[in-house]
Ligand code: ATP
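Just the one chain here, the form predicted alone, laid out as structure tokens.
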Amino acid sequence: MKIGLFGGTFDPIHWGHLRSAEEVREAFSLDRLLFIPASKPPHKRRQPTTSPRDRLEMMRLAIARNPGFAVSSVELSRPGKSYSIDTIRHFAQTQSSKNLLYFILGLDAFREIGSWKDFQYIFPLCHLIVTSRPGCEDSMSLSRMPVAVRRLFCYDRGKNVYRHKSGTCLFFLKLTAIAISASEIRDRLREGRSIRYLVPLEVESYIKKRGLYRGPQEGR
């Protein structure tokens, strides 16, 4: 099986997340794409405003009709900060050795991967899919990335991919630009404005039922 690992705070999950995930799933013929909500993202100053329970439930509601999607609570169940290397190692150790793992991240995050915990150990464990992000117009090329990352890959002209010495590959994928942000959704809710068509109807209903995001926001 080909399994995609898609992490984030998803606070809340919205149509931008879902459409991006679907385009990745289709482009790489993934058998399953796992949404992995973070507990304490190490590179974000603002921590999630909602409880793990609420974020998990919103995600389950959002993906219920897509058999290719699933949710993993592995980072929410693990104490401390949510480091990607720990999550990838978890799946590398618990999945069949025949399964192929694809770690999905945005271009802006990939530019900072050199500052991640044990980032060099990520590459032998999984393929990487780096996706475009609205508002992040940098070239989709390894030549624009930090030297610490560039030196670990070589370009395979035959297959038009960047290859790690372990055999895993680095792919760049341009997505449909959907400029929806979770912070915008939280702001709209705090101000009493509509979020219709920004999130799935089931998620909107859950937010209203639970009264989420109504209080003052902490940081941005």
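In this text, residue numbers run from 1 along the sequence as written. Source: prediction; values computed, not measured.
Keep in mind the form predicted together with this ligand is missing from the figure; the text below concerns it.
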In the predicted bound form, residue 71 touching this ligand (heavy atom, 4.5 Å):
no
Wondering, does residue 206 line up within 4.5 Å of this ligand in the predicted bound form on heavy atoms?
no
Given that the partner is absent here, does residue 106 sit within 4.5 Å of this ligand in the predicted bound form, heavy atoms only?
yes
In the predicted bound form, residue 63 touching this ligand (heavy atom, 4.5 Å):
no
I need the one stretch from 26-34, 154-162, 180-188, 63-71 whose residues put non-hydrogen atoms within 4.5 angstroms of this ligand in the predicted bound form.
180-188
Could you run down 9-36 and flag each residue that has a heavy atom within 4.5 Å of this ligand in the predicted bound form?
9, 10, 14, 16, 17, 20
